[in-house]
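Starting off, we have a lone chain in the form predicted alone, written out as C-alpha cells.
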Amino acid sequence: MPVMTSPIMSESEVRAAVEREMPGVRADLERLVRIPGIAFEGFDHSHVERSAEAVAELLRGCGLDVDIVRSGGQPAVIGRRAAPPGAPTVLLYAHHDVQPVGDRSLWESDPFEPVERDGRLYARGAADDKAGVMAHVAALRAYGDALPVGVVLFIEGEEEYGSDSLEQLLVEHRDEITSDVIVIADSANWDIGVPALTTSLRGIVNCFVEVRTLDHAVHSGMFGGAVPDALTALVRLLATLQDDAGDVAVDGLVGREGATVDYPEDRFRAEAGLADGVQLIGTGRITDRLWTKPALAILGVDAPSTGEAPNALVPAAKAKLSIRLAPGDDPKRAYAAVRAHLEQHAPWGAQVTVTVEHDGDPCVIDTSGPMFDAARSAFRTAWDGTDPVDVGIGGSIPFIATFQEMFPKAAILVTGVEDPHARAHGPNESLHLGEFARVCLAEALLLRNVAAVSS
C-alpha cells in the first residue's frame, strides 16, 4: 500500500480540536433533537424529511458531497469525501429518526425541547441516535481539511421502524459506500467512565397474536360461566410463553451460556429501575439472560379500556409480542416456533391468529485484528486509560448482519453513545454530556489510528 504523504495530526492536536468543536456540536445536537422525526405509521413524516435535510446541511458543512436518498421508505443521507492517497475509507453509520415519545405525562420536560439536568441532556433522540450523528460530525469538524481517511457517512431515516428499505438502499449505493472499516455509532457503553465494543447483538421477531371466542360481545351475566371471553383466553395463552422462573418456554428457540462479563445484581436492579421486592426473571448469569438467551415481552394489548368496558364478554383480544433472539438463531425459524406454540396452547379451543410485524437477524462480531486494536487504543485514550469492555447487547440492530454479508472484508466496529442510564426508547431519554465528549474524542482518535495502521 502506498505511504501517505500528508502528516497525521498528533494525539494532543486531535484532543484540542475536538474540545474546540464541542460547543458547536452540542448546539447542533440540540437543533436536531427539536425535529420530531418519527418514521412510524400514523406520524407526520414531513418531520423525517426535515431531519434528513438538517443532517444533509451538517454534512455539507463538513465539506462532504451529500445526497438524500430513498428506496420506497424514509430518506437517508449519504455524504462522501475521498480518501487521501494510500489511506483507507471509513463508513460512519448512524440514524436520524427517533422512537415515538409514548405517554407525554411521564416526561419531566418536553421530549422535543432539550433540557440539561445534572450533566445530562434530556430529549427524545438525544442519545438514540442523534448523538451518534453528531459524534461523526464532531470528528469531521475536528480534522477539517486534514482528515486522514476517506469517509462515507450513511445516516438512515427509519432504523427505529425496522429499516425496511435499508437493504435495498445498500444494494443501490453499494459502490459508493464500500469501505475498509465500518463504524456503527448506535450501541451502548458498559458504564459511565467505562467504554465498550459490542461483540454480539440479539435478533428480533415482533408479532401479533389475536384470540377470538365469539362473533360478537354478549352479556357477561347471561352467558358468563359457560362462554369463554377472549381476553381471559388471551391472558391464559400468554402465560404459557414463560415458565415459572421466567425463562422462555417456546420449544425450538436457541439459547446458550457463555457471556464473559458479569453484571452485579444490585447495579442491574438500580439501572433497570426495578421496583422494591420485584424479582428478576430467568435463570443463569444476568449477562447470559440479556445477551445469549431469548427473551419475550408483551408490548401491548388491544382490548376495551377499563373506563369504557361494558359488562360484556369480549369477543376478540389482541397482543403485540417482542421476542429477542440469541445469537445463532434464525428469525424465520423462531417465528414459526412461536406461532406453533401459540396455536398449540390455545385454551378452550379459542381461534388463534398470529401475524409477523417485522424481524431481524442476530449477529456475532469478530473483534480481533488491527482495526479493532486501533479502536481499543482510541477508547483507552479518550477514557483516560480505562480499557474498553467487550460486551454483548440485548437489543437488536438487525442490519449489522446485512453489513457483514455485503461487506465481508470490512472491519465492523459497533460503538456506544449511550450509557446504562440513557433510557433509550423510554420517557426521559437522556445523554450524559461528559461521556458524549469522550465518544467524540474516541471517534476522532479512531480515524487517526486507522490511518496510521494503514500507512
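As the structure is a computational prediction, the values presented were derived from the model and not from experiment. Numbering starts at 1 and follows the sequence shown.
One more form of this protein, predicted together with a small molecule, exists but is not displayed; see below.
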* To do: Heavy atom within 4.5 Å of the small molecule in the predicted bound form: which of I393, A410, V66, A401 fits that? Just give me the one.
  => I393
* Of the options D247, D288, E160, D329, which one has a non-hydrogen atom that comes within 4.5 Å of the small molecule in the predicted bound form? -> E160
* **Close approach of R60 to the small molecule in the predicted bound form, 4.5 Å, heavy atom** => no
* Asked: Taking heavy atoms only, is T292 within 4.5 angstroms of the small molecule in the predicted bound form?
  -> no
* Asked: Going by a heavy atom distance of 4.5 Å, is E429 a contact of the small molecule in the predicted bound form?
  -> no
* Is D229 close enough to the small molecule in the predicted bound form to count, meaning some heavy atom within 4.5 Å? -> no
* Asked: Can you pick the stretch from 379-387, 68-76, 187-195, 280-288 whose heavy atoms fall within 4.5 Å of the small molecule in the predicted bound form?
  -> 187-195
